[in-house]
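Taking the form predicted alone, here's one chain by itself in structure tokens.
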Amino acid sequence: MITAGIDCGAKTVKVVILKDDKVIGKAIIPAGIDTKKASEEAFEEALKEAGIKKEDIDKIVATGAGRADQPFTKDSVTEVSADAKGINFLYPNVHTVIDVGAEESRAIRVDGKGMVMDFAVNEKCAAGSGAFIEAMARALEVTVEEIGPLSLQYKQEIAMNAQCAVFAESELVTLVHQQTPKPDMARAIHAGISDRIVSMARRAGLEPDIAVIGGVAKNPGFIDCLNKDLNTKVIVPDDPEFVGALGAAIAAKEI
């Protein structure tokens, strides 16, 4: 059986194609303004990598913020359900998954069969998402790719008390005027978002093993802070941004 999962997020569209529980194709492209077009382009890229045609796919399921606006399917699952199924497929021993995306973060407690036991979502403030790191990177005049490694070079831990992305940027400007070293400021940024994510995750209930997915999982500075705050070493999949799409492809076998 061949299935496909489409995860249409706020920033990117991800597609995963499964054949007999093996990933045979995947693709990721920017979502842009026209998410339908982006989904079509990502789907074509994944089909090309898989070496198959759309007609060869038995079932397609969508997830993500744009799941209801997909050109290929009306079948969908929530991001929470897709994350749970995807992480259970990759790591059956994981019982807590933290998903930090561009504009939203969530923590999900999962049983041994990939079923959702409880979850918590942060969707009201950019300070708990990748958008916060992007804004802070611009304020520090570094790229998003640079800010994570930069934070690992810190010499002193300083606190950023603002709980809002707008106020945090103002606080960062004050630190710049105080000639605070960039690595120390970068560390404070990651420590702040980690603290907010952990507080959210505790509402869902933290059970080991813990995995982190989503685009922000590729940021080593954030993962280092998260490991410290959780007092454990979290699991990061090789392709953390594809877990939701993988979960949707798995769900396609069950619908």
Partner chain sequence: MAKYKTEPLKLWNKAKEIRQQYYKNYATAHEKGGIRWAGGAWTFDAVPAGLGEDVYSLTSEPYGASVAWNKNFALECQEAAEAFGFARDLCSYMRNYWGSILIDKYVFGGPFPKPDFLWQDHICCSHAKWYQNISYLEGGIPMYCVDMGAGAYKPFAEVTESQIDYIANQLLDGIEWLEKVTGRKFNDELFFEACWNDFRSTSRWAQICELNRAVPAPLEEKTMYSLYVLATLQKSWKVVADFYDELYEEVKDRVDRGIAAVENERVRVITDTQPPWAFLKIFRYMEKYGCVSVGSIYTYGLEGMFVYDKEKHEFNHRPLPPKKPETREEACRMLADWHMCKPEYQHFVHPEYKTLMMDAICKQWNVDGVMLHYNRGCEGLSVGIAEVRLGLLKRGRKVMTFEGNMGDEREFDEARTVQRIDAFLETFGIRKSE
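Predicted model only: the values in this text are computed from it and were never measured. Numbering follows the first chain given and starts at 1.
There is another form of this protein, the form predicted in complex with its partner chain, and it is not shown here; the text below is about that form.
Undergrad: Quick one: find which of 198 to 206, 49 to 57, 35 to 43, 214 to 222 has residues within 4.5 Å of its partner chain in the predicted bound form by heavy atom distance.
TA: Result for this chain: 198 to 206.
Undergrad: Within 4.5 Å, heavy atoms only, which of 157, 75, 111, 146 is in contact with its partner chain in the predicted bound form?
TA: Looking at the other structure, the residue within range turns out to be 75.
Undergrad: So which of 98, 80, 94, 150 reaches within 4.5 angstroms of its partner chain in the predicted bound form, heavy atom to heavy atom?
TA: Of the listed residues, the single hit is 80.
Undergrad: Within a 4.5 Å heavy atom cut-off, is residue 184 in contact with its partner chain in the predicted bound form?
TA: Answer no; every heavy atom of residue 184 is more than 4.5 Å from its partner chain in the predicted bound form.
Undergrad: Is the gap between residue 1 and its partner chain in the predicted bound form 4.5 Å or less for some heavy atom pair?
TA: No, residue 1 is distant from the partner.
Undergrad: In the predicted bound form, is there a heavy atom of its partner chain that lies within 4.5 Å of any heavy atom of residue 26, even though the partner is absent here?
TA: Residue 26: no, not in contact with its partner chain in the predicted bound form.
Undergrad: Residue 210 near its partner chain in the predicted bound form, any heavy atom under 4.5 Å?
TA: No, residue 210 stays farther than 4.5 Å from its partner chain in the predicted bound form.
Undergrad: Note that its partner chain is not shown here; using its position in the predicted bound form, name the residues of 179 to 197 with a heavy atom within 4.5 Å of it, in sequence order.
TA: Counting only heavy atoms within 4.5 Å of its partner chain in the predicted bound form, no residue of 179 to 197 makes contact.
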